[in-house]
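Presented below, as structure tokens, is a lone chain in the form predicted alone.
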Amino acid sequence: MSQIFHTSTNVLSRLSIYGGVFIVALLGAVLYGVELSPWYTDVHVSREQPVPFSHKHHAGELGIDCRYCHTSVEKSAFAGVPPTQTCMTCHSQIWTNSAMLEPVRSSYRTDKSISWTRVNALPDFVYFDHSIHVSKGIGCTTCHGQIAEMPLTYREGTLYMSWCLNCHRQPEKYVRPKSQVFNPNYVVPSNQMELGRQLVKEYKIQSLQNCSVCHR
């Protein structure tokens, strides 16, 4: 029986198979890159706000403690968004005629809250408790980045599950003394792993990785 296909068909079939695998792999790599890109995750992308509040000015230059505005961070799952009255504690005395702060003054006059845009917003199926992290020695900048250097606030991490698990798997890499939790200028020491292991034991930190910890 004579050969139906020319021998060159074998080469073409191999090229087609390998080419198809390569294209699928390339497409997967592109999609993975997009998923991790700032375009998709909003990492390091400043969000537009009704008032261009600067953490750099308030927390960095003026040294205002995080808890002055985020009053419930030590006792609640939610860190808390400061009410307009908190802003007016200072701004009823300074920058009283600033056009930039008119939305704040208007909110105070009308008793209508300012509609701030959430920067770090988790999906509804994810539970996160600020208070337990703070009480275990996890600093603000561990998750929020160098907040005291941000003229406009942006998201530091992807907020993906893998991002959270990096810390849950090795808490000794991230834990700090409780006295430094709210220090925006805290510098990770060269002996972090040694210090971290001591603090993990002292603070009774568990490496919680069960699904029900966050998905309730």
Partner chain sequence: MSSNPNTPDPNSIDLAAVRAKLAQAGQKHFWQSLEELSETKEYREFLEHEFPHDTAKNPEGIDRRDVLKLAAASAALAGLSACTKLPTEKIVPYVRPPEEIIPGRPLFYATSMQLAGAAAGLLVESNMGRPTKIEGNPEHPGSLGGTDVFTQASVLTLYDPDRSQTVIHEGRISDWSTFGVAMADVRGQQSPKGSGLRILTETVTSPSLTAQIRAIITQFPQAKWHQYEQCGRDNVRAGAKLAFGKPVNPVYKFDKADVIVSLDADFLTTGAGHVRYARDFSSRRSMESPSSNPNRLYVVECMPTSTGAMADHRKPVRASEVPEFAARLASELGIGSANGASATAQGISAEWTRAVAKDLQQHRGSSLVIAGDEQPAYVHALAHAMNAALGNVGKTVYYTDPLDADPVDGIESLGTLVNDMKAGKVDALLILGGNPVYDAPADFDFGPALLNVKLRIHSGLYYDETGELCQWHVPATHYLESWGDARAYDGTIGIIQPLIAPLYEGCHSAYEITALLGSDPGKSNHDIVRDYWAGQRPEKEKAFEDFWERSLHDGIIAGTALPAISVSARSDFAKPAAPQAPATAASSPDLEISFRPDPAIFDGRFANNGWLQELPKPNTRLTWDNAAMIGAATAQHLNVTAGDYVKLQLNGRETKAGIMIVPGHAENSITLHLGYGRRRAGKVGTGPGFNANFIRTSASPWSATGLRVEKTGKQYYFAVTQHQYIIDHQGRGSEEASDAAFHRDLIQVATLEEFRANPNFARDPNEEATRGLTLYPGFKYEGYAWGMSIDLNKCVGCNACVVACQSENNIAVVGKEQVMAGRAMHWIRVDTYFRGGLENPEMYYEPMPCMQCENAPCEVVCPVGATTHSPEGLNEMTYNRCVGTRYCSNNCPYKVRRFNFFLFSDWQTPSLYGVRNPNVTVRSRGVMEKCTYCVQRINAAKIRSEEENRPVHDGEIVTACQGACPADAIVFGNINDPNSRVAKLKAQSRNYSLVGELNTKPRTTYLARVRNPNPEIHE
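This one's a predicted model, so the numbers in the text were calculated from it and none came from an experiment. Numbering follows the first chain given and starts at 1.
Missing here is the form predicted together with the partner chain; even so, the following discussion is about that form.
Taking the partner from the other structure, the partner chain in the predicted complex has a heavy atom within 4.5 Å of a heavy atom of residue 132.
Although the partner is absent here, residue 172 sits far enough away that none of its heavy atoms falls within 4.5 Å of the partner chain in the predicted complex. Contact annotation for residue 127: at least one heavy atom lies within 4.5 Å of the partner chain in the predicted complex. Heavy atoms of residue 83 reach within 4.5 Å of the partner chain in the predicted complex, making it an interface residue. For the three residues 52, 91 and 154, a heavy atom within 4.5 Å of the partner chain turns up in the predicted complex in no case. Judged by heavy atoms within 4.5 Å of the partner chain in the predicted complex, the contact stretch among the candidates 57-65, 180-188, 35-43, 146-154 is 35-43. Heavy atoms closer than or equal to 4.5 Å to the partner chain in the predicted complex belong, across 158-178, to no residue whatsoever.
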